Ligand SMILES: Cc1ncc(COP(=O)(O)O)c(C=O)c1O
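Take a look at this single chain in structure tokens; it is the form predicted alone.
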Amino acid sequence: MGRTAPLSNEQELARLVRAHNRWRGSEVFNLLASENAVSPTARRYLASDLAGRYTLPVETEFHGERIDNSYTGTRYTDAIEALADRAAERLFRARHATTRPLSGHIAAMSALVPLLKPGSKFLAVPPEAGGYDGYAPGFLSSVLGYQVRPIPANGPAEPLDAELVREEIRRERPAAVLLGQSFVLFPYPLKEIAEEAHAHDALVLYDASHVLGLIAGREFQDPLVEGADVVFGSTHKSFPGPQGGLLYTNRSDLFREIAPALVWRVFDNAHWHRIASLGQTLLELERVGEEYARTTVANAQALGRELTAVGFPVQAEARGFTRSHQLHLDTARLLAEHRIRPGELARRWERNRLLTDLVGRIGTAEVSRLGLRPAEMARLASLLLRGGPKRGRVGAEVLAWRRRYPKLRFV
């Protein structure tokens, strides 16, 4: 009996991609707070001819000639970018927006580099209170030559104390206050913080990476209305677009500083297939964003109630669990009551086709896009309990249920 010839590398790559598409696209429930599903049309644009094109829209002078682009053949890419930027301005009710940033992290750099001088100080929520690690000392602040000081915070289950933050602003006199977290459950007392910051000539920067889709759907605070000067974030968490970033503001003076400072400093090419895909997502959310955001938050709150009802420890029960797409497990109680750490719990869930991260967050954005409603959260809570702390095998049940949702909603 002859042996089967080994797969070539190209065949193996094709097999892996097909397997991934099948696994993530139809065989699991994705509860990762940092991910979402891209609509079929937006995904199609990612695979268009735009994926291989390169252009550099920047006004410059070359050999005595004033040019606004280093390349020809850009008539459609220029129009695509303009359309996407205008859609972002409408959706977020902003005077200015750019869809060029390649990620949420680069969107943050796109605000910090032009607006804060080297050596400047800014305040940010520290990682131990749920803040983004990239803003911690030793990371982005060190790379860009800034000083960072912690915003007083007790973690995302507790609201920021506006007066403590105001006192910190008065004491530290920072150039900027940067609000935004990786673990985020509730809005900030933004008006009070912005009032104090502006009284001391400090900017208010708002990293909306996790809640951008909820802001678009009017289900979270509107940062510009409440006093933020610049808003930025990633476009693939509660915002259901391709991986990337965007930035917007109402302040024309700041945008005039930001726009020309991006090219050759933070990035050059802007990845036009991503901008087309992002533009499609922005247009979709103009039509269905409010229903999507309402469903996502309602699902998170309902799942919190159902998990608590079956004895699963979830933070912030007294405050209704969440106002975002996230739920946070009470990891101390999880260890005490169920003798399991969040990392091992996540691995058990993965074996049962339920995907979460290893740090105790559960997100409802993608399952809301699949069509799950608050009424289904009791069943989901039961599967999470039986497939996690109870060490049960529920993968087949999850697979049969998941296959009842073959198409995305809110597209």
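Start at 1 and count along the sequence shown; that's the residue number. Since this is a predicted model, take the numbers as computed values, not measurements.
One more form of this protein exists, namely the form predicted together with this ligand; it is left out here, but the text below deals with it.
In summary, the region of this chain contacting this ligand in the model of the complex, judged by heavy atoms within 4.5 Å and restricted to 217 to 225, 306 to 314, 98 to 106, 116 to 124, corresponds to 98 to 106. Shown without its partner, this chain lists S277, S110, Q181, S324 as candidates; in the model of the complex, only Q181 has a non-hydrogen atom within 4.5 angstroms of this ligand. Residue Y132 is the only one of Y132, F255, F92, W272 with a heavy atom lying within 4.5 Å of this ligand in the model of the complex. With a 4.5 Å cutoff on heavy atoms, S209 counts as touching this ligand in the model of the complex.
At least one heavy atom of S234 is located within 4.5 Å of this ligand in the model of the complex.
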